[in-house]
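We begin with a single chain expressed as structure tokens, specifically the form predicted alone.
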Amino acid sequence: MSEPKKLFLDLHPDSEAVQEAVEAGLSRSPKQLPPKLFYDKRGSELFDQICTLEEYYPTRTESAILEDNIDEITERCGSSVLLIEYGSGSSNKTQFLLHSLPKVEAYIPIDISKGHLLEAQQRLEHLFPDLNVLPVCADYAQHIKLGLNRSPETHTVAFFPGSTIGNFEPEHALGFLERIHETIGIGGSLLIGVDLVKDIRILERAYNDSMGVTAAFNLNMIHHINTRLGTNINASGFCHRALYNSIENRIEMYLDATLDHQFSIGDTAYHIPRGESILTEYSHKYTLPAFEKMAERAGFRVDQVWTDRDNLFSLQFLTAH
């Protein structure tokens, strides 16, 4: 019988941290819960399903950009790479890089879902037997000290695919980029996916798919909270809603209460009346000049931008200076 896979670093939020996040969010006005609460194992599996949906353009568009420009991307990464991925999930897109990079000193996937992370590690080690995979279970939005020893000839490259930078409010996105800058150091690089401003109909379809997978993903946050905290919030008493805020250039995702809810977390009683909403996610969309301005504030130079022919999505290569 093989030994269970181990983590390089286990900073998985404990139930106390989850409770603090939920209590803080439900005490706000309006109520707001952090997107990290989507990602238990079931939530990660649902997100993988979302990425395959016809309406959800970001994954297939970014994957095509990555494949079409892989030679240029790997040339910029260099001959020896320490690859750090934030929000790695199933590490599917990373396989394009791993197949093409001449030498990967180590691959460090960071994800909040421990089960998903370890499954991805096992799959990658099967596909790339010589790859040194060092998984880190953590909330990547927080400051993480990796304590890495890097050889002088190795180029540190952070990979942050998808449209996940858009989940941060702009000032928090800036802070996150600054933390990446600190981790990779001067001369390190960041390969990042940035979703672009586009037709509102394309955006709203992407977050309101016809099969209801995004709705299930949103509602799974309630199931995750119940499991982690032993609460009994009635998930069937909420419905999914996503809309585009054209003033702020962002998708806003909500859980709307369709029933009155009474429940307790610890010693605190909560009441969510029918008709009240809980904000669960922002997904900001950027223009290329707006994102470049933010990257520069965080200490990055935008070296190259690749987009699809319809300018739906961008993959950008940044260097820390």
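Heads up: residue numbers just count along the shown sequence, starting at 1. Just so we're clear, the structure is a prediction, and the values are computed from it rather than from any experiment.
Although not depicted, the form predicted together with a small molecule is the subject of the following passage.
This chain appears without its partner; in the predicted complex, the one residue of 138, 77, 133, 197 with a heavy atom within 4.5 Å of the small molecule is 138. Distance criterion of 4.5 Å from any heavy atom to the small molecule in the predicted complex singles out 36 from the list 36, 31, 285, 261. Taking non-hydrogen atoms only, residue 188 never approaches the small molecule to within 4.5 angstroms in the predicted complex. Although the partner is absent from this view, residue 47 contacts the small molecule in the predicted complex, with a non-hydrogen atom inside 4.5 angstroms. Proximity of residue 112 to the small molecule in the predicted complex falls within the 4.5 Å heavy atom cutoff. Contact check for residue 154: no non-hydrogen atom falls within 4.5 Å of the small molecule in the predicted complex. With the partner left out here, the small molecule still marks one of 241 to 249, 145 to 153, 179 to 187, 81 to 89 in the predicted complex; by a 4.5 Å heavy atom cut-off that stretch is 81 to 89.
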